[in-house]
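This document starts with one chain, in the form predicted on its own, laid out as structure tokens.
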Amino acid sequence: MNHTPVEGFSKLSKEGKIEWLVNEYLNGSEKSIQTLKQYWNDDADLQRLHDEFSENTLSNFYMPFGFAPNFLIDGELQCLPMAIEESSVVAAASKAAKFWINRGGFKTKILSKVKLGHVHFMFGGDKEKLDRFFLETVLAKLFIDTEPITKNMQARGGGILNLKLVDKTEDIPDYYQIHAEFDTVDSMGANFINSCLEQFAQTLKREVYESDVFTSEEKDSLQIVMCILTNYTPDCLVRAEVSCPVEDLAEGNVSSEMFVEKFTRAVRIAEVEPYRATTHNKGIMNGIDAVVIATGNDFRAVEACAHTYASKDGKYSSLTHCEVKDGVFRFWLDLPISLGTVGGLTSLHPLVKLALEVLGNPNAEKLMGIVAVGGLAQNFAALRSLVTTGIQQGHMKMHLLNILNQLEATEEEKEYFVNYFKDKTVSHHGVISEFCNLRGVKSVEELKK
């Protein structure tokens, strides 16, 4: 089917948008209209709130919102909210939490909390002259001119920490940066940082143009390219870790010594092999993203930062590490992460507010630790399965219900299959085959008739 561009889509009513979408892309399907509308909130005010989170909202996209209990974090028992659709993530996190609750629990530590932004600009004049002028004239005025922006942040204990001129001309001719460091306390701080950066650019341009230090050609060569925060925050860093005596790690028929040997080897492989590190870190992000989404934070920024950090030494590597020293096993995660507990969705989305309330309404630093623990727990659970029973046993049992729901199984049939696979390996083919036997048909196609 050939489709035609639409003019003024955002100006259409919600019903008008749905009508256009269904007629243009869904063959006028009434069922599609019902699908979109069945996820609307009955509470009109609540639905209006959701509609205003994003443009052109036609419905709500639901994700499972679960909780992983029994997390002992820095001596405090926590129940982690997790919004994620992948089978077994919440179960694995809960299992790891239960494992460590009697082995000292999880410990966290803020290593640093600096956020960054840059004014990217071009300057074709004398480098030494620019450097001297920045230090002697511009630097102080950058702080002065942003005082109206930073006043409230400073009152909360944050603000601009440091500013410096960075020469990047070896990478791109005439390219420079104003490198800015910030503390945004309990807010993620994107708007604050970007507002400061835009003012820095205006100040720089004004001071250069009004100065008699530069020639007219040098002044004309100054071009502001862009002012933007970076989501790479290697100095906004939290550590989460667990530790216990090696003898406490016996696993079924696997001795504690053998478990530790296999576990540390698995981590080492992820440290040196990018193919494994990618999947290893993806599992870590399962736990991290689930808590980040549940608490109304930006999981895309968190993902981008974590994966850049994993490549900081020139080769993509594991975010987690472990060691055995003096008979003690230690497993830890250093995570660069920028989060907020005020502003954005944190004060608007009802489930986000509930999630933060369950966590005791943490400040940004505490939330950093909680999120890191979610990632560490997920990684421990995955590696524990990989080096003992194998990961598919638990994963496929969680996936069983997804397969049965696709087959539109009854509750009685679901109960039958849970019992049927208690002592068997779950496979898609095995479920389909037994389901057809149970229904007395030869194929899935017959079920659809």
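Residue indices: 1-based, along the sequence shown. Nothing here was measured: the structure is a model prediction, and the numbers come from that model.
Although not depicted, the form predicted together with (R)-mevalonate (MEV) is the subject of the following passage.
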{"property": "Partner-facing stretch of 277-285, 159-167, 217-225, 93-101, counted where any non-hydrogen atom is within 4.5 angstroms of (R)-mevalonate (MEV) in the predicted bound form", "result": "277-285"}
{"property": "(R)-mevalonate (MEV): the contacting residue among 357, 136, 86, 76 in the predicted bound form [heavy atom, 4.5 Å]", "result": "86"}
{"property": "Partner proximity in the predicted bound form: residue 58 to (R)-mevalonate (MEV), non-hydrogen atom cutoff 4.5 Å", "result": "no"}
{"property": "4.5 angstroms heavy atom contact with (R)-mevalonate (MEV) in the predicted bound form for residue 409", "result": "no"}
{"property": "Residue contact check: residue 68 to (R)-mevalonate (MEV) in the predicted bound form, 4.5 Å heavy atom", "result": "no"}
{"property": "Non-hydrogen atom contact residue 33 with (R)-mevalonate (MEV) in the predicted bound form at 4.5 angstroms", "result": "no"}
